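Have a look below at one chain only, the form predicted on its own, in structure tokens format.
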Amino acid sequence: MMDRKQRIDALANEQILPEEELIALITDATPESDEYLFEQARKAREAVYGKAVYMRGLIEFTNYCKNDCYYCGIRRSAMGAERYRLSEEQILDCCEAGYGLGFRTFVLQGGEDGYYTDERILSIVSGIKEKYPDCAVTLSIGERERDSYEAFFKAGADRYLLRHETADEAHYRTLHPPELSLTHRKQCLRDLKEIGYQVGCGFMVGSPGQKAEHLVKDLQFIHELQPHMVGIGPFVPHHDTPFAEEAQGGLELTLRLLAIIRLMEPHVLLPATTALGTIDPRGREKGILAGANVVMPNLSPQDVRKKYMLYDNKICTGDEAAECVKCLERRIASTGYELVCDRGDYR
């Protein structure tokens, strides 16, 4: 077995660690070894992306969802959710405000809502691309069939986010209802990549029942898929779900995994998520210092932000977008990095 520093150095030199060494890297850590890990992760991201931190404008356009995932605050059984849908005009208004603030990527995120047929999504995507041809459009709307993904791509969608949540079949079953399938979700990710999207997968850290062995499978799946983006964040419980009483995921483990992913996949676009900022006041800054290079401020209309509550105590639900950007600029500058106005494509 290697010692802590040898494991980190091996990853930094693009060596693939065997399962037992990855488990040890995840579980056998000290504040000193974590700081060395974060330092190496910063070097790896700076070698590819310099000091730039890219901002994405998040538009949460529907909180209706046909699925009943046990961890999610907008699951179809969440009786307390106040449902809403944004019109195409409202979505374009969000983009207009965001463009004026310097956003050059818009992320359309929503539950799996049948109201938004392929035709409606195509109209929204083409409408954004027609008005803002210099911007990237990211979709995060769940599992669809391959022909739908192909149509969205032809209409101008550039990127697609679809978190796999866990790469372990048995663990997946404990988080999702029987009608959902890990096999289908992985196939969706492979289809998206073949079609030509910049593709993002990801998982929750500290989800109920998660073990180090599950996290190793996640890392192995990421390495196999070779995505362009990886979104990870701590599990945070929601009061209106079966996991309401479960413990939230830990900050230290989430930061460690961000740094490990950065070393394993140096070119990946890696967000410091809102969930990180929810469990720690400086969570997003700590994420940047652990190798992340993306932040996703909210451009949704203020009156719907508190309704898109995937988990409890979500931050930035009341801020004006302009205030949020100024605040983020200061926060990112405090880490020694710079928030930039750029599409921020995968390199």
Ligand code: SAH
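Note that residue numbering begins at 1 and tracks the sequence as displayed. In this text, all values refer to a predicted model and were calculated from it rather than measured experimentally.
In what follows, reference is made to the form predicted together with the named molecule, a form of this protein that is not presented.
For this session: Please pick, from 189, 264, 204, 107, the one residue with any non-hydrogen atom lying within 4.5 angstroms of the named molecule in the predicted bound form.
Result: Of 189, 264, 204, 107, the residue with a heavy atom within 4.5 Å of the named molecule in the predicted bound form is 204.
For this session: Identify which of 44, 310, 289, 296 has a heavy atom within 4.5 Å of the named molecule in the predicted bound form; exactly one of them does.
Result: Partner contact (heavy atom, 4.5 Å) among the options: 310.
Problem set entry | Option from 299 to 307, 281 to 289, 34 to 42, 65 to 73 whose residues, in the predicted bound form, bring a heavy atom within 4.5 Å of the named molecule | Answer to the contact question: 65 to 73.
Exercise. Residue 185 near the named molecule in the predicted bound form, any heavy atom under 4.5 Å?
Worked result: Residue 185 belongs to the contact set for the named molecule.
Exercise. Does at least one non-hydrogen atom of residue 277 fall within 4.5 angstroms of the named molecule in the predicted bound form?
Worked result: Judged by the heavy-atom cut-off of 4.5 Å, residue 277 is well away from the named molecule in the predicted bound form.
Exercise. Closest heavy atom of residue 235 to the named molecule in the predicted bound form, within 4.5 Å or not?
Worked result: Yes, residue 235 lies within 4.5 Å of the named molecule in the predicted bound form.
For this session: State yes or no: in the predicted bound form, is some non-hydrogen atom of residue 93 no more than 4.5 angstroms from a non-hydrogen atom of the named molecule?
Result: No, no contact at 4.5 Å.
Problem set entry | in the predicted bound form, residues of 158 to 177 near the named molecule [heavy atom within 4.5 Å] | Stretch hits, in order: 161, 162, 163, 165.
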